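In the block that follows, a single chain appears as structure tokens, in the form predicted alone.
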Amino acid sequence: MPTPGDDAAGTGIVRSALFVPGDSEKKLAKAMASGADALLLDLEDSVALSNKQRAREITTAFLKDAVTKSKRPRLFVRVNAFDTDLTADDLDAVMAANPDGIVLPKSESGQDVTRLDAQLRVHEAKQNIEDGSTGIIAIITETAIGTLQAGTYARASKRLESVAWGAEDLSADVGALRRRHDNGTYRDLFRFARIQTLLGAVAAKVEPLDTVYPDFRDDNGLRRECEDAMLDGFTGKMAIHPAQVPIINAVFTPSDEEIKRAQKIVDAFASAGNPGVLGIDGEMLDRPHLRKAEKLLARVGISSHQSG
């Protein structure tokens, strides 16, 4: 079956997105062999204010070498949020190394993504990078206002590839003392943020990424959370440790059976002249079933026009 992670740099498919501190040469090098579809090289939360410039230098040097490799994960840089006044310096440094994309934290609305789009266009022109080639992942629920604006990302930018949600910064912004119940499930505020992210992604026609699972030693808890996210419609999950990547990839990779079923549905509709409804194996299927099958095939890099 197709394996999205085999050449993620070429496909754009992201099941697993691993955060890596941008000021650690050792962790950056180790992350390249993690199997993650994307690395999120972090200049924000994992880097102390006093070490921001050093992190920019290390990250830029790492990118210049890593982007030349034929088999590699996609390489994104999480810059500091707009309200820190550090974003411009971050972009000045890392855009010289032509990353695959930028992660925008604490995005408060689609206008923030549009603002980043304009800045990236200038940097691409300066660096002779193809116009529009730098993607954007926006983390959209780290503030109260951001969570309420999740529906504003449609048409914000053609660069926008994914939206993700974050719980820790949101809890700090709101003043919530706990994020989860004793059984590990999220409390209502964070369930709301998660749902907002999922619906916002669908409205914007981009991929929804689930937030990190902080206990990297709890494989069972991580798997359960991945399965819940996948069943709800998330297509990938962010990670904070390389050990989490294999579980995330396994859960978010459709099985051979699921792929064959989706291809059968797409082929049947095409052969029948794309009707509103048809029967397959004794089951009546309509257009929503077709759209769902097309989405699954797209996740593994199969064109909906490709025959089985």
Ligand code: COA
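Since the structure is predicted, the reported quantities are computational estimates derived from the model, not experimental observations. Numbers for residues come from their place in the sequence shown, where the first is 1.
Not pictured, yet referred to below: the form predicted in complex with this ligand.
*Asks:* Should residue 216 be classed as touching this ligand in the predicted complex when contacts are defined as heavy atoms within 4.5 Å?
*Replies:* Looking in the predicted complex, residue contacts with this ligand include residue 216, since a heavy atom lies within 4.5 Å.
*Asks:* So in the predicted complex, does any heavy atom of residue 30 sit within 4.5 Å of this ligand?
*Replies:* Looking in the predicted complex, residue contacts with this ligand include residue 30, since a heavy atom lies within 4.5 Å.
*Asks:* At 4.5 Å between heavy atoms, is residue 242 in contact with this ligand in the predicted complex?
*Replies:* Residue 242 belongs to the contact set for this ligand.
*Asks:* Considering non-hydrogen atoms and a 4.5 Å limit, does this ligand approach residue 37 in the predicted complex?
*Replies:* Flag for residue 37 set to no.
*Asks:* Consider the chain as shown here, without its partner, and state which of 46, 249, 263, 60 has a heavy atom within 4.5 Å of this ligand in the predicted complex.
*Replies:* By the 4.5 Å criterion, the partner-contacting residue is 46.
*Asks:* Only one of 38-46, 277-285, 62-70, 252-260 has heavy atoms within 4.5 Å of this ligand in the predicted complex; I'd like to know which.
*Replies:* Contact criterion met by 38-46 only.
*Asks:* Going through 67-82, which residues have a heavy atom within 4.5 Å of this ligand in the predicted complex? Please give them in sequence order.
*Replies:* Sequence-ordered list has one entry, 78.
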